[in-house]
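Take a look at this single chain, the form predicted alone, given in structure tokens.
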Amino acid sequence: MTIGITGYGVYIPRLRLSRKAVVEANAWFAPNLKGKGRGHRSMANWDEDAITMAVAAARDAMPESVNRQAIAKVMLASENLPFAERLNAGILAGALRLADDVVASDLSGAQSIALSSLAQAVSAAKADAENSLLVAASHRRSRAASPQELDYADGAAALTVGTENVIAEVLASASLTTDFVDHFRLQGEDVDYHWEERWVRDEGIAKLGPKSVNAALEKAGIKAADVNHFIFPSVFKKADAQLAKRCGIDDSAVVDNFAAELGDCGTAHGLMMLASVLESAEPGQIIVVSQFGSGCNTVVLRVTDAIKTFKPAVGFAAQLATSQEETSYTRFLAYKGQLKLERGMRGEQDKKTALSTSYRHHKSLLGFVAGRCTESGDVHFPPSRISYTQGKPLQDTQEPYCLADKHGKILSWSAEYLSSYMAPPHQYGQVDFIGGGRLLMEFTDVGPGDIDSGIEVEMVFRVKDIDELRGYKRYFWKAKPVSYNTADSSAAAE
């Protein structure tokens, strides 16, 4: 039985923060950062976090042709999940409309947790032939004027694991667990504390990395010289090439870590690099993925002939190429919650969520499920027992109809600066969904002049608002202009 990766996807935020802008803003205090002032790092929008990016990556890994109801296990790995006591993976499962009996779990503690989770997914497939979804997301904070502020990045990656249509077989994995502390963050703290780079490189990566990589290669029966792609994410320059050399892997196999145009996405970065490789990998190629953190985890894969049969909804290359430069350092700090802005009296309203009402409508709110009348064909949101088609108050004729994967066109819109909004102007309007349904939607990932009647939009899962008094986030779907040149996008959305 062949077990391994059956699908992959990523999410890279559209905004890319200019490192030059950060360096110039902090030059008065930290002139030593000048050498890091080249390129960009990905930057999450104000309404994005680890959960919303995880949903986006999972949707990329599971196009409409994938049966989501076949997913038996979902794992969400991150170093900064929004909720300490609420199942974050449960929100992910709800947004993806997975089966109610799916086993969901949150995973954290080390940046290598995503690779050890991949091994767990393989074990589940081996034992019960279960299909698993593994998603890793990163939305870290860093102290202002620190090297980490320039190195870190926001993003997510997802893998589906199973026994059918395997595109990359997992040959072996090896875990080396040791309490080697390169950085740490105590519960309740927002920012990591980092130790000296030379110590981490020489005593950590150089000594622990080869043990994990060599053990995995030995288990797989693969020679180091036969490795085609070696993935080792690290913010330390040349650390990947040095580790490859110590293991006997050819320097040409070392995969670019996209530090210049993306940055380091922490827990998710190893899987993101793997997705970038799988987009162009050839059958028979050997891929080694290794990630450092409280030890080191390594996975060895062999690409199968089925690699040509799978394509993500958008993919890594397309998302990396689609970006908008952000040069406002204060906007970055505000979006990270590190700069409090004066929002005026309109920003003082109470945003308490009625949890009972939220639960009653959780499938509609998280999964964006409307109701379609079987008699009239009209689409209604929110769904109800009684259809509100004019002159046809039919009862119990609606069937579930998902709007999350539908495209729409803007009928009318408004942009205003009066309300309290983190990305002014606040833009919203009526959207006519292809296939039926009209709804007042909030627009995201847009600036002045980006919205007009007739523009085609797609749906994205985002933070709706935050109850700062009680520490609660509400999520819902928003509309954004279709970002990628996918063939026949309108027809595919019908």
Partner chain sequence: MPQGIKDKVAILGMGCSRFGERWDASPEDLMVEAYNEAMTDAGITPEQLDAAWFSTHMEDVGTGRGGIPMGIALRLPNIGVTRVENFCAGGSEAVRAAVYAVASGACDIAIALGVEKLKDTGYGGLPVATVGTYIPQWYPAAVAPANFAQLAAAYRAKHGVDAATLKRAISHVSVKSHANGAKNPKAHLRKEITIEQCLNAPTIAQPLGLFDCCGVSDGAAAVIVTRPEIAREMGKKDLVTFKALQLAVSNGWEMSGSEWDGSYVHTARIASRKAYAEAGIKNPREEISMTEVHDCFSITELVTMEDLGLSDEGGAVRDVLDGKFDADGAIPCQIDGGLKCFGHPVGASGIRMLYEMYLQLQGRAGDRQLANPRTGLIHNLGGQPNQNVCSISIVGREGE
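Residue numbers count along the first chain shown, from 1. Quick caveat: nothing in here was measured; it's all calculated off a predicted structure.
The next section is about a form of this same protein that is not shown, the form predicted together with its partner chain.
Interface residue remark: P382 is counted as part of the site for its partner chain in the model of the complex, having a heavy atom within 4.5 Å. Contact check for E189: every heavy atom lies farther than 4.5 Å from its partner chain in the model of the complex. Contact annotation for R346: at least one heavy atom lies within 4.5 Å of its partner chain in the model of the complex. S280 falls outside the set of residues with a heavy atom inside 4.5 Å of its partner chain in the model of the complex. For the marked spot (W195, K207 and N257), a heavy atom within 4.5 Å of its partner chain in the model of the complex is absent from each of the three residues. Note on the interface: of 293-301, 263-271, 414-422, 228-236, the segment with non-hydrogen atoms within 4.5 angstroms of its partner chain in the model of the complex is 414-422. A heavy atom within 4.5 Å of its partner chain in the model of the complex is found for one listed residue only; from M459, M62, A44, L439, this is L439. Site annotation in the model of the complex: the residue of T309, Q390, T374, Q395 reaching within 4.5 Å of its partner chain with a heavy atom is Q390. If you take 337-360 and check each residue for a heavy atom within 4.5 Å of its partner chain in the model of the complex, you get M345, R346, Q349, K351, T353, A354, T357, S358, in sequence order.
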